[in-house]
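Two forms of the same protein chain are encoded below as structure tokens; each is given separately, as structure 1 and structure 2.
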Structure 1
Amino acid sequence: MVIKIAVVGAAGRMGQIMVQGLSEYDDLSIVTVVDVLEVPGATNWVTSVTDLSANDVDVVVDFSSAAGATATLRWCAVNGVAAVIGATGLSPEQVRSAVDENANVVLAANFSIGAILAERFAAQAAPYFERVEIIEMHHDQKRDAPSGTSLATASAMAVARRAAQVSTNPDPTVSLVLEGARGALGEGDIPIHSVRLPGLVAHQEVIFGRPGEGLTIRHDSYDRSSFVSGVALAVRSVRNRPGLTVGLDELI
């Protein structure tokens, strides 16, 4: 049976790629696109999720903004429609408070398969290295920093370290010549440094150090099509997953 999808944020960079990419699968159909801005070429465009008809939509895919995704989650919860949320800037706690516990929601800061594997490998390595820092690099239109992916990566590494009862070495810095020079601290006090430049898409390096050796795990999304297959996977799974699923990790 074909899964009927509404894409929120359809006029944006990610939304346009999702509309085009998801339409190419035989088992998925984009029935409506939602955006406050006009979606070029769309005949089935509405400006708000509240204009959707719950009978016509099986899954809402949201790549709008944190505020847009909050509205999507509320509409989906009230109308019993599953949601796949790609918009970043919302914590799992904020998502939980927007929906009831039975709502079917997949929330992922990164839908690229390579990025999920990179996060998994970083968590595997984390207990073996005293120090680790993250550099995340994105295009110059990204509104939130640090990236949701870097926060999720720090969290996965902190969890792995706690499970192995390993703690990180303290930061040696005693004097900050410039405030912020050591980045922001993610979970487990892991420093995260954000770079924003034109020409980039989404890139991340996790740099580990221990005496006499280093390890770098790097992932690059060169093009936004890297996110489509992960979203398709989430769309196919979300209706069978009551409650909130955070991250693609459980789906691959």
Structure 2
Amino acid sequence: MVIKIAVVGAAGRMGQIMVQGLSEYDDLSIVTVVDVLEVPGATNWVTSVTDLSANDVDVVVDFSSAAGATATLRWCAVNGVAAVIGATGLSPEQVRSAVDENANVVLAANFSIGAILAERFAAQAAPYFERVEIIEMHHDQKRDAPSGTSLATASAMAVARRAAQVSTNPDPTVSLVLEGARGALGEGDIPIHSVRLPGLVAHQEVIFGRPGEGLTIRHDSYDRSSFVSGVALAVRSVRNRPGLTVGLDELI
């Protein structure tokens, strides 16, 4: 069975990649693209999610904005259509306020399979190391810091440490020559350092240390096409997952 997809935010950088990448799968079909801006080469382009026909769409993939994704979620909830949301700046609480508990929604800060696995590996390692810090590096057009992926990674490690009844050793730094030099503190008081430079896409290092040894878990997305396979996985899964699924971890 071919899954019929509408892509919202199709004129944007990520939207264009999703349209191209998802079209390459035999079991997925892009039936409509949605954006207030014209989508070059689109044969079925509409300017609003309200212009969609629920009978023609199985899943809506949204890489627009927080406001745009909220409108998408409300339309999907009313029309019984599943949604995969990759728009940044939207929290699980905001999603729950826009849809009822029976809506089928996958919300993820990162659709890279490698990034999700790196987060899982970091959580496995966290109870065995006394200290850990995160360095996340992104392109210079990214507006938020730290990244959602780094926050999720810190949270996963903090949960693993609490389950193992292990706490993070206190930071030995007692004097900051420059305020903020030690980064921001994520969950579990794990330092997160954000880098924004042209030429980067999405990269993260989780650096562990204990007496006599260290461990670094690094993931690199060299191109935004790395997110397509994760979105395809979410599209295939979302209609069988009532409620809100946050992140891809449960799907892998």
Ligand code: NAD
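Just so we're on the same page, rigid core means the largest C-alpha set that superposes within 1.5 Å between forms. For clarity, every value in this text was computed on a predicted model and none was experimentally measured. When a residue number appears, read it as a position in the sequence of structure 1, where counting begins at 1.
Two forms of the same chain are shown on their own. Structure 2 is the form predicted alone. Once the two forms are overlaid on the core, Val46 shows a Cα shift of 2.6 Å between structures 1 and 2.
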